[in-house]
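Just the one chain here, laid out as structure tokens, in the form predicted on its own.
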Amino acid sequence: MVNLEIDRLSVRFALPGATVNAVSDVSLRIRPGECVALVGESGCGKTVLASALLGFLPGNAETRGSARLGDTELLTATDHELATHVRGRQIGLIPQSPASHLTPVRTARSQLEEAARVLQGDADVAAQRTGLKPEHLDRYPHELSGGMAQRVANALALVGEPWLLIADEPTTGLDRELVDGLLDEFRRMVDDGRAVLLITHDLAAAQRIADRIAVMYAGRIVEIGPAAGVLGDARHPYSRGLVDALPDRAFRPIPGRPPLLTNLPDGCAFAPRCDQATAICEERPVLTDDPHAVACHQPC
């Protein structure tokens, strides 16, 4: 197994009259045997980052930086290279809105068995690991509930036994028992020496299984460190706001709105929403170089 090394990865989309800076200078290392949770509000760039790693960006996307998986540079690899050597084999993906990724005219069983043949996996084992019963597999996508479609997507991502699983909001639509079972499966993968990148709004899920948590805001990672440290002693005002918004905490929403990704400020993007901002925040902060890193001029 190898590491995933992301170094100053940026993604922008060219639109008529505007440029969307979706991901900016993100650096992240994911090693076998760990779960990293990527958290942040909708639209902060989490899913775009995942799409860049697997070559799923649209034609108007421009990338900079590097994302290396062993000897493979993911950002410049051809679609054929990604399809035959990376997707499903080294990196598995559980996408958002899984029902829209299933072929509507084929049963869940036929799609899972085809993936198992291509990836040389075991369809029955993947189904069992994700709680799918035979009667579920014989249904077409339109006959599946949202939670059941999510489980089919989970099985498709796991059937090739990838060393890294990117799970994009995988608990959406699942009841608590299924959420717990899925998180337990992710944790078993990690304990067996694989890795999980968990993209989620569910901080309780992140707290339960993540070794490290990276907090993303307006396309940048603003804090990253051990899960207990980030959730228990957040250093960035935005991270502190996310934690305080939890029902078992202050249950206080973060005031204001995120900036437009077409018009990011030169300095700290969170400054307009931050009650700790001063004149120095007009300069862009950079992540500190320590195990619990923060990009903030006025850390908590």
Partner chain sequence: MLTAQHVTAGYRDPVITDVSLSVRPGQTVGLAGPSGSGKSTLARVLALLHKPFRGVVSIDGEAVTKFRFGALQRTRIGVLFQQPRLSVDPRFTLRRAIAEPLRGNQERVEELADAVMLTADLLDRRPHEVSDGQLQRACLARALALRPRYLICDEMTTMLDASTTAALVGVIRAYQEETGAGVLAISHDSTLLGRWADETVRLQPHPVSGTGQRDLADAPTRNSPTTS
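Note that the structure is a prediction, hence the values are computed from the model and not measured. Residue numbers count along the first chain shown, from 1.
What comes next is about the form predicted together with its partner chain, which is not displayed.
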Pick from 229-237, 66-74, 24-32, 256-264: which stretch has a heavy atom within 4.5 Å of its partner chain in the predicted complex? 256-264
Among Ala271, Ala61, Leu242, Leu54, which has any heavy atom within 4.5 Å of its partner chain in the predicted complex? Leu242
Out of Glu185, Glu161, Glu169, Glu113, which one falls within 4.5 Å of its partner chain in the predicted complex, going by heavy atoms? Glu169
Would Gly146 show up as a contact with its partner chain in the predicted complex if we use heavy atoms at 4.5 Å? yes
Does any part of Arg151 reach within 4.5 Å of its partner chain in the predicted complex? Heavy atoms only, please. yes
Whether Val20 contacts its partner chain in the predicted complex should be assessed with a 4.5 Å heavy atom distance threshold; does it? yes
Please determine whether Asp275 contacts its partner chain in the predicted complex, using a 4.5 Å cut-off between heavy atoms. no
Stretch 13-52 - residues with a heavy atom within 4.5 Å of its partner chain in the predicted complex: Leu15, Val20, Gly40, Glu41, Ser42, Gly43
